[in-house]
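Two versions of one and the same chain are coming, encoded as structure tokens; call them structure 1 and structure 2.
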Structure 1
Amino acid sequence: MNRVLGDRRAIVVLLGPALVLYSLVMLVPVVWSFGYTAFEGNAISGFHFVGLDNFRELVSDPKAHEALWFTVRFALVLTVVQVGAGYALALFYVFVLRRRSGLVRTLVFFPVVIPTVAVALLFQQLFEVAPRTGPVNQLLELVGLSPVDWFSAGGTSFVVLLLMETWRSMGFYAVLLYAGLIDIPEEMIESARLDGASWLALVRHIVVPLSLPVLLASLVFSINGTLKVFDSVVALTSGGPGSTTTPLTLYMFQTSFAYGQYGYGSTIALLLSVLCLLVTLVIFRSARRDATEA
């Protein structure tokens, strides 16, 4: 094996095909898309070089600002909620249910495998106000409150989207974080308990530091996934009412494929890519600084 790893020709022969395939599938489309940012038009009308005009339009476009604000707000709130709920469930599996958590984990993970459209239809029925009243509004009426038209305003639509995405994804993060928690040595936890450590001190000083790598990976997965949210928004609200729940991905899709502005759509895609990279770098640098200080 050492002879093979020391032979440059063998390394090129073994890794070359994979690198060429990866470049063709991943890198070339990215570079191609970046090149479109300097053009306007489409395959039918033709492409015209416009330099930095697409970036100037992005800076002054109020719809892009609204989509960016919704995307960032949705990603931050949903990441905190779904990773927090998943971590709480993982702690519940480890410290309360222990070996009897298999059935609960299966039930909580089940929404992850349901198609997005089916989940969206389910939540439309749950929060329906007309032509018939859904279970949520029936519950409000039961406690003496007026029914709410959840999909008629941006704020209430935002809440329903958050609930739907949290229900769908918290099982995934619970199972992912559970895999990190079971690696913590049981002897260490028992020693801390014998020393009189409270449950809160146990979690703060032992569980969270030792599960930090998995927690960090969950945050990166979550923030990148929610920044690129598309299918659930299209299935539940179609970006409405108006454009109050339109994320950058949906605005990019509408710009590129509904209006045929591939150059401007690629500029929005570039903004989203830079945003994902910046958020990921900030999370990793913050975690590295915390580890160094610890």
Structure 2
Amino acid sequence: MNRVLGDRRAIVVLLGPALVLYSLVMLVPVVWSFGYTAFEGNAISGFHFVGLDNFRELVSDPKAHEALWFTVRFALVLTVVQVGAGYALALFYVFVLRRRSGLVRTLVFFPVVIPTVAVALLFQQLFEVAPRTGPVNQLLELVGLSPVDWFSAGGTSFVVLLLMETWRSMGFYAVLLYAGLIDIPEEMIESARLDGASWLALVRHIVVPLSLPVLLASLVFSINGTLKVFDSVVALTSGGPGSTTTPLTLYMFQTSFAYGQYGYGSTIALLLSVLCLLVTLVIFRSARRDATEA
């Protein structure tokens, strides 16, 4: 029996193709990309060794700082907003709609599966100001405010990005957190309610602590996803106006493919990877500490 399930030939046949492909297309390139950070040039013009110059450039490059700052700001704010909106929705499903929430969950989830490019182009039209006034600006005019040229400044573009990403993802976090919330035993909430706990106290002392694991998982997904944001920014603002909405991912793409600086591009990609890794480790570590305290 163990001879059969330990059959080496079968293991090679089953695992071999996947492992070879994964190694060649993911693992080797990761190491290779790491190697690029010590070079300057690209595949067409050739490479020459520059040692740590790329890292020095990264430290002193104001555009890299701007991209890093945008990435961090975007990830933090969007994580709070989208997980917050998702949690509010999940609470709404569980405590207000209860069993009737099925259809609402299905509809609110739908934007999650729409291609990001389509959503971004749609939001461009929704927030348009010229040559035609889009619905959002029309609504602003209707309530007596002046229309806003959303994509003419970094701040307002950031707001549209946030709104769009929240619209796109809140249904996802709602379903994820809903799954965590329905696991809470009903008697627990019922007995607390009979003891006279207010709605707020109920959420603070029972619901949040008991849904903490899935809440933390949502935070990890969200931060990891938002740090890697690319599609939505490219399609909505293409990083503009200027470079005010350029995240590290897009800056890496531009330096590599528009300016042909593979070495510097790889250095930016490395910074991004380290950032993702650090954030995940920090959240997991704090999650573990919470689990042991509880």
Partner chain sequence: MSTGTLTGTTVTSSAAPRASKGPRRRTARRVLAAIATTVLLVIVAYPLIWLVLGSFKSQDEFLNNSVFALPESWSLDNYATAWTEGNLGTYIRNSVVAVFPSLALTIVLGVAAAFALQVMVWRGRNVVLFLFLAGIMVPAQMILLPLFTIYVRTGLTGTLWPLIITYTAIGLPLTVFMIATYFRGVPREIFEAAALDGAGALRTFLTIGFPLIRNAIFTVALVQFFFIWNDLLIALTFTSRDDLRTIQVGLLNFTGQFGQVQYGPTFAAISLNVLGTLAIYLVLNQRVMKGLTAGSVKG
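Residue positions are counted from 1 along structure 1's sequence. Owing to the predicted nature of the structure, the values given are computational and were not obtained by experimental measurement. In this text, rigid core is short for the largest set of C-alphas that superpose within 1.5 Å between two forms.
Taken from the form predicted together with its partner chain, structure 2 is distinct in origin from structure 1. Once the rigid core is used as the reference frame, the Cα position of residue 59 differs between structure 1 and structure 2 by less than 2 Å. Core-superposed comparison between structure 1 and structure 2: residue 13 shows a Cα shift of 9.6 Å.
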